[in-house]
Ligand SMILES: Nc1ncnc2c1ncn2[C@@H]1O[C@H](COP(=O)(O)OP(=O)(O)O)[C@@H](O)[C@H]1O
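In the block that follows, a single chain appears as structure tokens, in the form predicted alone.
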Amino acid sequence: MRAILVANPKGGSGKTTLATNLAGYLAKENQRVVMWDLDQQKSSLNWLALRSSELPAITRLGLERSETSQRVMEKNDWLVLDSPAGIQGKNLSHALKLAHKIIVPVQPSVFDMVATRDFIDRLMEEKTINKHKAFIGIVGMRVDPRTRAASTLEQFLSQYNLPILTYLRDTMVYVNSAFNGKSIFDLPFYQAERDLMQWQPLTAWVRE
């Protein structure tokens, strides 16, 4: 089983949007997917509760890890971890030990970039990262890649030599699909064509 950790210490950075849609993509690809919601708010689990049984299945896990949880994970192809804001210390180290890849969503604001800078610095100190057991990719959230904001974000991230996998635009497509427990990959193609194209570099990186 391969594990993807979606993490950023700042609330509202887009972690749950990324995690739920990533899980939806993998399930749509006929992969066996389990989602582990590490956040007390249980946003990912609430999304799964809305999800129709007619859609590609995604297995749920809550906060606590148990023998049952371990057996569930062993039976699946992918584990998607939706982390809480402010994750640090032992909780972060434990999540990193599970992860094969880490996706860090970042919005192009001063507050988001400062929080992300400190988080990436902490990630680089982790043994799991230093030994190349996990790889980090950045996703620009709610931003048009043609704007000055995107350019500022690229300049900020250039100091880390980390890939900016893609930019996801600010659109109600994500909001409306989430209301029904769907990802954009569950929508008719014509409703999410532009957004599906933006996801292509991200999904390729996840599966490479």
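These figures come from a predicted structure and were not determined experimentally. Residue positions are given as counts along the sequence shown, with the first one as 1.
Separately, the form predicted together with this ligand exists; it is not shown, and the next lines address it.
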The listed residue (Leu61, Leu153, Ile58, Met141) that reaches within 4.5 Å of this ligand in the model of the complex by any heavy atom is Met141
Just one of 164-172, 22-30, 50-58, 145-153 has residues with a heavy atom within 4.5 Å of this ligand in the model of the complex, so point it out.
-> 164-172
Residue by residue through 1-32, tell me which have a non-hydrogen atom within 4.5 angstroms of this ligand in the model of the complex.
-> Lys10, Gly11, Gly12, Ser13, Gly14, Lys15, Thr16, Thr17
